[in-house]
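Consider the single chain below, provided in C-alpha cells and representing the form predicted on its own.
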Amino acid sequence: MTQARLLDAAVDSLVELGWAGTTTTVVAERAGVSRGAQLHHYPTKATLVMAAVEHLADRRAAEIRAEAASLPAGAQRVDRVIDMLAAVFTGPLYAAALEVWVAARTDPELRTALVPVEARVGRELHRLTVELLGADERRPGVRESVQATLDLMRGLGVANLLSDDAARRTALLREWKRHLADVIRD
C-alpha cells in the first residue's frame, strides 16, 4: 500500500512538476507517508523514479490489454490500435517518461538504472503491439513496420509537447494506418 502510494505520487509529480521539481520529499508528502517510510522503500530519487516508471509501464500495458478486448476484427483493428498507441504517446504519462529520459542523459546513475528498464518496456510494448495488430513478424517487413510504428509514435509524442500537433498528427497517422495495414495484410 505504501509503495503503491509512493509510485503513484512519483508519477503524478513527474507529470505536474517535471524531473527538476520531483524530489523524494515532494513525493513523500504527496503520498502522505513519512520521509522515513519513503527512504525505507526507495533510498534515492533514481530508485524511486525507476520503480515508478516500471509501475507506470505495467499499469498502462494492463489498460491497453483491457481496451484491446473491444477491438474490432479486420481493417478497423489497425486503425484502432494506432489510435490507442497515439493516445499513449501523446498523454501526460509519456511526458513524465520523457522527463526521466532527458534527465538520464546527463545523470550517470539514473542512466544506468533507466537503460535496462526502458529496454524491457520497449520489448514488451513491441510484443503487445504485435499481439494487438495480430501481425506475423515472420513475414518480411512486418517486424520493422511495427518498430517504425512505435518510433513514429514516440516522435509524435515529442512534437506534441510544446504545441497542439493534432491536425498534423491525424494526417500522418491516416497515411501510416494505410501503410501498416498493407504490410500486415500482404
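From 1 onward, residues are counted along the sequence shown. These figures come from a predicted structure and were not determined experimentally.
One more form of this protein, predicted in complex with a further copy of the same chain, exists but is not displayed; see below.
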Would you mind picking out the stretch of 32 to 40, 114 to 122, 61 to 69, 129 to 137 that comes within 4.5 angstroms of a further copy of the same chain in the predicted bound form, counting non-hydrogen atoms?
114 to 122
Each of E54, V81 and L85 within 4.5 Å of a further copy of the same chain in the predicted bound form, by any heavy atom, yes or no?
no
Distance check, V102 to a further copy of the same chain in the predicted bound form, heavy atom within 4.5 Å
yes
Residue contact check: A171 to a further copy of the same chain in the predicted bound form, 4.5 Å heavy atom
yes
Close approach of R185 to a further copy of the same chain in the predicted bound form, 4.5 Å, heavy atom
no
Would T47 count as touching a further copy of the same chain in the predicted bound form under a 4.5 Å heavy atom rule?
no
Scan 119 to 155 and write down, in order along the chain, each residue with a heavy atom lying within 4.5 Å of a further copy of the same chain in the predicted bound form.
G141, E144, Q147, A148, D151, L152, R154, G155
